[in-house]
Ligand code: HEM
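As a starting point, one isolated chain is supplied in structure tokens, in the form predicted on its own.
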Amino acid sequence: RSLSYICYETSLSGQASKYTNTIMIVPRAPLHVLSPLDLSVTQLSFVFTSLVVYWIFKRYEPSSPLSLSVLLLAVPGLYACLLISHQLGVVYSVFVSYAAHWCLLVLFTIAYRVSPFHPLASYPGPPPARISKFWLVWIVSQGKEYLYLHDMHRRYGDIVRIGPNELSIRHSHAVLPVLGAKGLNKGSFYTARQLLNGVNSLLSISDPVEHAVRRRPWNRAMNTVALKNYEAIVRSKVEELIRGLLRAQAEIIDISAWMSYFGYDFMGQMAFGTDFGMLKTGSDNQGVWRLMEKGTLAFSLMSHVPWSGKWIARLPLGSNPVGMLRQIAWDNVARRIQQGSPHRDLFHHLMDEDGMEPIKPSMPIVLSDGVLAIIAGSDTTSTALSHLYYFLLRHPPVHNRLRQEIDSIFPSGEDPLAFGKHADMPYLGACINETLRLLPPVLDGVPRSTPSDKAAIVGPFVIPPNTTVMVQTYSLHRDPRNFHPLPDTFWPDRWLVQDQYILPSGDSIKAEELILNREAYIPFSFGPANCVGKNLALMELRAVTCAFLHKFDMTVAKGFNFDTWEENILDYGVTTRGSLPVNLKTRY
């Protein structure tokens, strides 16, 4: 309790003195140092807790800020407090707890996904894709997902594991069970494709009953009577396109860009009664086209990581392409409501201005569907037209033959926009079909999900529950079992009914040697969720091509390398393209 000791002190004069000093000893609280047994118990409980957190993520896939904060921050924080109470240091305790917790979650995830116990363990595929979806996200960000998956099918076969819980299929017998009326429903891939939080566009609705209800206005907007009414808008915009090309023909023209100007101007007029003015100025004067491309890239990435959509939506408007798209949509809707429209446009049907529905749709629903129409309608049509003209330029005999058919139906002085004649032009239809076969505007396909409680029979395959399945359109269209001969070659003759076919090489084959599997031809998807605007798109493709080739001779610009066209194709849900420089010369 105390300690006494003798001290000797010497003064400056050299005289020594002696005194006794006493120190009181106060006992200190004992250190709570973890014994080896306590340390083992703590470590085991920590691992078990992380395992429980992993199971929660796997089972429920939480994505709300509160749940993520609890599971990723609060849980390791509790263990950090436990370690701090045992005098292990604040910085050390916090670092070890959080690093160990997160590393264990990653370790558990990887171990399960590569283990033989995973439901997709028996399906072949690239090893990185088994571990994380971020591998495919990186591929998507490069814009080459369709080529990557095509290569994977060549390497691994008809069914490939392209994600931890995702399969890509290249088989015509998979089309009906995946996309048909009794096929699979849409899954989490579409939940991130919301222009407004909590509001689904027609594209992102997973419930087939709700989808059927929401599609009714679209069906009315795309029926035969409605399409007849749209002919005036198509004519107006095609004539405006021809006038714009006449003004610009003295210079080299990027025909791909002009097809986008047409696509956006037409869909703006047809959907909202809005003129974006691209054909008048020969440019993307309002930045709508480029903004749409940024938005589709964001949607494409978010679709593969659905929980990211909630966080991207919180970004400031100026740095958030989805938010900027939303603002453009609101502006156009407000203008349409204020000014009205002289014709029955798409907005007329989406707003149910005829009173056909028992409950009128809300404004957010109309907003989401209106933007969907502009993106899906303008980008896909302009892409198909650009691809068609690329193939015509690269294959002059096809170009000349198509022009001869157009001239035979519409001699000099006749109106090439006589819509009733377009559907009866077999070679024009063959060229369009072949373009959509080789380079469909949606290159990859549309994913679906198997039920959570049972497996699904998809063609010759048994797909486990809770699995995302995609029929890969690009590979399906180039499979020699579906299209033979020359599955990778632009050869429109395959779509014509003939007794004998002349190949580009000059050789001939009999009709029975030709393979043309129309069940495997799905450029507009298939089933009840197929492209509702298919007939409108075909109307545009035929009208623009007839009027364009009737008016102009088109040749490729000097120095252009044809190979760069397909190299510059980027797949972000819809296709983005490079330039296609041409020289135009007026024919009549």
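Bear in mind that the values here come from a model prediction, so they are computed numbers and not experimental data. Note that residue numbering follows the sequence shown and begins at 1.
The form predicted in complex with ligand HEM is left out here; the points below concern that form.
- Across the options 454 to 462, 366 to 374, 111 to 119, 98 to 106, residues that bring heavy atoms within 4.5 Å of ligand HEM in the model of the complex belong to 366 to 374.
- In summary, among the residues 520, 53, 554, 531, the only one with a non-hydrogen atom within 4.5 Å of ligand HEM in the model of the complex is 531.
- Contact annotation: of the candidates 425, 446, 301, 328, the single residue with a non-hydrogen atom within 4.5 angstroms of ligand HEM in the model of the complex is 446.
- Using a 4.5 angstroms threshold between heavy atoms, residue 46 stays clear of ligand HEM in the model of the complex.
- Ligand HEM in the model of the complex comes within 4.5 Å of a heavy atom belonging to residue 441.
- In the model of the complex, ligand HEM stays beyond 4.5 Å of every heavy atom belonging to residue 147.
- Put simply, residue 57 is far from ligand HEM in the model of the complex: not one heavy atom of it is within 4.5 Å.
- Counting a residue when any of its non-hydrogen atoms is within 4.5 Å of ligand HEM in the model of the complex, the hits in 217 to 242 run 218, 222.
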